[in-house]
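In C-alpha cells, the next block holds one chain alone, the form predicted alone.
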C-alpha cells in the first residue's frame, strides 16, 4: 500500500529538517567552547529544544551531549563525574589532533561527545550529529581532505535574455538576486547556508562567471548589499566570493586599458579590493573567467594568464584572499573543417607552460574533463600536469548535460570514478590528492520549492559536499546517507526502491544519450534534448565527425590531434591504441568504422542500437518502481518525481529515435535485433 505524508510547501524535505530533529532535542547539553560560530552551535540546540524539550546544563557530568572546543587552553570543567565518552574523545584528539575544521564524534553509555580544535569543527560536528543521528558506539574522527570546498553560482542580477535568472539553472530564479538587486529577504540564503555547512561546504561564489555589466557592479556600488549576503553566510562558516570581470578597471574604473602589467591597473585592483575587505573582512576572493567564450582577458594585451592573474592576486594577498582563475580557455571560433584544432587540448596548451608562474594565492580551476561536463569524458590532463601550481577540480552539480534536473541522474558514481583516477597507473596517487586547491562545483539550487527542481537532484548537492570532504568515500554509501536523512520515515522497501531509481541512473542516462564518450549531440543553446548534428558545423569545437564510414574523433598522436599524448604513461599508450582504449571512451579518442568490435563483443553500431533501446526500457522500469510502495515519501515529492519521470521517458524515447535513425541512415547497417528504423 502506498503511503504519502502530507507536508506544506515550506516543509518539502531536505536532508536537514527545516527546524531540527530529536537527534539534538530532548537532551541535556553542555557546551565548553568559545568562538564566533559557537552561537550557531547553540542555536541548533535551541531549535531542537523548542520542539522536543531539553536544556543546557552547567556540569559536564549531567550532560547527554557534550561539545568541547579545545583551543589553545584545553577544555575546562572536567571532574570525576565526566562521562567516559568525553575522556575517550579527548584522548583521541590528544594523540592525533584534527585540523581547524575537523572533529571527533564519540558515543558511549548514551552520551554523545564532539571534540574539536575550533568552533568551525564544533559546528561541523553538531551538524553531523543532526544529519546522521546517533554516532554509534566508539569514536569517529572526521577531517576534510582539502581546505577549499566551494560552490559557484552562475546567478544573474537581472534576467538575461538568453540565460535567464541563473545561467544553466534549472531550479527557478536566483536565491540571491531579483530585479537587479540583492534580495531584501535573505532567509532562504540562511537556510541554504545551513544545508551547505552540514556537508562541509565552506565557500560560495554568488554570481555568474560570465560577468555582465550589472553583475560587475557588485564590486562597487552594490558592495553594501553583497556584505548583507556575507553576514548571512558567516554564521555557518562560509566565506563569500565574487566572480569579477577581467576588464573591470575599464568597465568600472574608467581606465583606458586593463593591461595587467600597467601600474595603474594594479592600483585600481588594490583600491577596489581594499574597499571589499572594509565591507567584508572575511571575503574569500575572486573568480575569473578570462579569454573564454567572449569574456575579456590578458590575451587582448599579449599577456599570459599568469600575468593576467597577478594584479588581482597582489591585491588580495595582504587580506588572505585567493583568485580562482578558470582554465576553461579554448578557441570557440574554430573552423569545423579543421581537424587539427582540438578543443580538448586547449587548456593544457595554455596553462601547462605556465606551471609555477602563478602567484601563490592563485588557484587554477580546472574542469574535471577536457571538454565540458559531458556524461562521459576522460579526466583533464591539466590536473595531472600542473605540479607546481595550486589546482582546484571543478564539477557541475547542476545537470547541464545530464538531464537538467528533469531527468534523475545521480552523479556520485561519475565523480567517484574521476576522483579515484590515477594518472601514473595503479601505484600513483588518486586524482583527489592532486586537487591541492580543493574542489569547486556549479550549484544546482534556486527558488524552486524543492530547491533543486527535481527533488532527487538534491542527492547530487549532498554528494558533492560529502565527496569534497572525503573524496574517496563510497558514493552509494553517501547516497544511502542522503536517503536516510531526507526521508527518515521510510521503511527498508522504500529505501531499496530509492536506491533502485538512483544507483544506476547515471548509467541509464548515458545509455540513451551520446554514445561511447563522443559527447554533446544536444540542441544548441539550451543543451536539452537530442540534436546529433546540432554543433557539428559550428565554431564551438564539439564534433563527432560521423560520416558514411564511421564515427568518432581521432585524438591519437599517430594520425589525429595528438591529445592522447598529453597523458602520462600508461594512459598515453592505452588511449592511443584502439585495441586497448576503454569502450566507454573509444569515440572520444578514435574515429572507427561502424562495424568495429568493442571489448564487449558488440559492434559500435549495434552498441548504439542496443543501449539506446535499453535506456528507454530502464526509464520505464524506474517509473514502475517509483509507482510502487513509497512509505514515508511526502505526496508533493512523489507527485513531482512522477511528473518528471514522464518527461524523462518522453525525452529518452526522443533520444532513442533520433540517434538510432541518424546512425542507420549514416551507416546503412540495420539493427540485428530487428527493431524498426524511422
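Residue numbers count along the first chain shown, from 1. Computed from a prediction, not measured in an experiment: that's the story for all the values here.
There is another form of the same protein, the form predicted together with a further copy of the same chain; it is not shown, and what comes next is about it.
So which of 422, 146, 141, 339 reaches within 4.5 angstroms of a further copy of the same chain in the predicted bound form, heavy atom to heavy atom?
The option sitting close enough to the partner is 339.
Contact residue in the predicted bound form, chosen from 538, 577, 436, 447 - any heavy atom within 4.5 Å of a further copy of the same chain
None of the other options qualify; the answer is 538.
Considering non-hydrogen atoms and a 4.5 Å limit, does a further copy of the same chain approach residue 21 in the predicted bound form?
Heavy-atom contact with a further copy of the same chain at 4.5 Å: absent for residue 21.
Whether residue 653 contacts a further copy of the same chain in the predicted bound form should be assessed with a 4.5 Å heavy atom distance threshold; does it?
So residue 653 counts as contacting a further copy of the same chain.
Test of understanding: in the predicted bound form, would residue 224 fall inside 4.5 Å of a further copy of the same chain by heavy atoms?
No, residue 224 stays farther than 4.5 Å from a further copy of the same chain in the predicted bound form.
Any of the heavy atoms of residue 302 lying within 4.5 Å of a further copy of the same chain in the predicted bound form?
Contact check for residue 302: no, nothing within 4.5 Å of a further copy of the same chain in the predicted bound form.
Just to confirm the contact call: exactly one of 465-473, 527-535, 347-355, 267-275 touches a further copy of the same chain in the predicted bound form at a 4.5 Å heavy atom cutoff, so which is it?
Among the candidates, contact is made by 527-535.
Which residues, if any, of 639-678 lie within 4.5 Å of a further copy of the same chain in the predicted bound form when only heavy atoms count?
Stretch hits, in order: 653, 654, 657, 658, 661, 662, 665, 666, 667, 668, 678.
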